[in-house]
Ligand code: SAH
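For reference, the chain that follows is the form predicted on its own, supplied as structure tokens.
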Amino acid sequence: MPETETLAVVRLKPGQEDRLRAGHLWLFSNEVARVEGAAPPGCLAKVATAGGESLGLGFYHPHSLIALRMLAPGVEPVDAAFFRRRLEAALAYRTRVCPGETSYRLCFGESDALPGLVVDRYEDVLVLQVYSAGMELRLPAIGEALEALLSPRGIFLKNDHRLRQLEGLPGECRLLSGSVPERVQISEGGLRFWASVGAGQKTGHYFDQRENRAYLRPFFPGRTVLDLFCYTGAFAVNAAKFGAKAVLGIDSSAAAVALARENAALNGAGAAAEFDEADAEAVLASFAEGRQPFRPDMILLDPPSFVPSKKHLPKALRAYAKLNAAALKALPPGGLLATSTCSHHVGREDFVGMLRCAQAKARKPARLLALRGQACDHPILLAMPETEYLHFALLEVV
């Protein structure tokens, strides 16, 4: 952005500036009084209070519920140098909180002051997801900054998330630069995993559960473990490598199950871990009814998000409660349930309340051993509850 460029000005309605001043980075369309100047989707715009006080610079979108995403408290060029500074800070943070790791979430959007941009690092390959029109327009500068910072073998765009539709962006998966193999072998906590970077869920691997997998390692010895919605087997492989006597992983995706088997073999855990392609909810119901010969005393439950929008929250909480109640029913006294939700619409109190409901439905007393969240490479911006989306609990049946 040339310093002489004329920017549109987004003026707030009276009294709408407090949340931005507190550090939240979103301005919603119903908080905007008017826009002065040309303001196409994704343009840079100044933000000002009703009284004319400048609040900074952001990406504006005239047709999105999130009308503006804050970038900076002042006006500055948003170029490759800008993105390099922000990404350098993000990299320095990951180097500090993920010592020795070379695969992780490098950039977590708003939490790294780059709203609408996600960057996952798979060794020397980068996978990007873009959720805002402003970031989409600046992909060349973002790519240039990443090339200068990390010299990756390749950068891949995995832009197939439904959130892009809210900004009028098409779904697409394509190469941005360099070359990217169909899958990459990564390390995590001393184990190795194959990740399909151009296909599958998220960008190929669930980095957000990294610390929860490590946390569970002391609980695995001697356990018979059922891993539901196992995806490519990261939890199951950890269980098999850290003392579980038998592990069964279930997922509805044939490709995920095949990769889970490869990941178990890659880590020398093939003898202890088995994987089947099946509907996890149906399988869990059969376990709860005692119709399976495999008798787990530890269940790992990491379902997909059931909450596409806030209006679906009540229905989703009932579905989560039903699922967790079935898991508790399938466990004997002393059995462990490690369970998660992954939607920012589910707050921590909602999550705990759902677990209480599940315990009541199952009619099995349980105690809460741990309440945890997403890994540190997915930092939570205190002023933005939306950046906290993963809740994890460890329960013991008593």
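Bear in mind that the values here come from a model prediction, so they are computed numbers and not experimental data. When you see a residue number, it is the position in the sequence shown, counting from 1.
Only in words, not in the display: the form predicted in complex with this ligand, which the text now covers.
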Sort through 214 to 222, 177 to 185, 198 to 206, 136 to 144 and report the only stretch with a non-hydrogen atom within 4.5 Å of this ligand in the predicted complex. 198 to 206
Residue-level contact is defined here as any heavy atom of the residue lying within 4.5 Å of this ligand in the predicted complex; does C230 satisfy this criterion? yes
Contact of E110 with this ligand in the predicted complex (heavy atom, 4.5 Å): no
Using a 4.5 Å heavy atom cut-off, state whether A280 contacts this ligand in the predicted complex. yes
Residue-level question: is E101 within 4.5 Å of this ligand in the predicted complex, judged on heavy atoms? no
Answer with one of F235, Y320, F83, F275: the residue that has a non-hydrogen atom within 4.5 Å of this ligand in the predicted complex. F235
Checking G168, G243, G270, P304 against this ligand in the predicted complex, the residue with a non-hydrogen atom inside 4.5 angstroms turns out to be P304
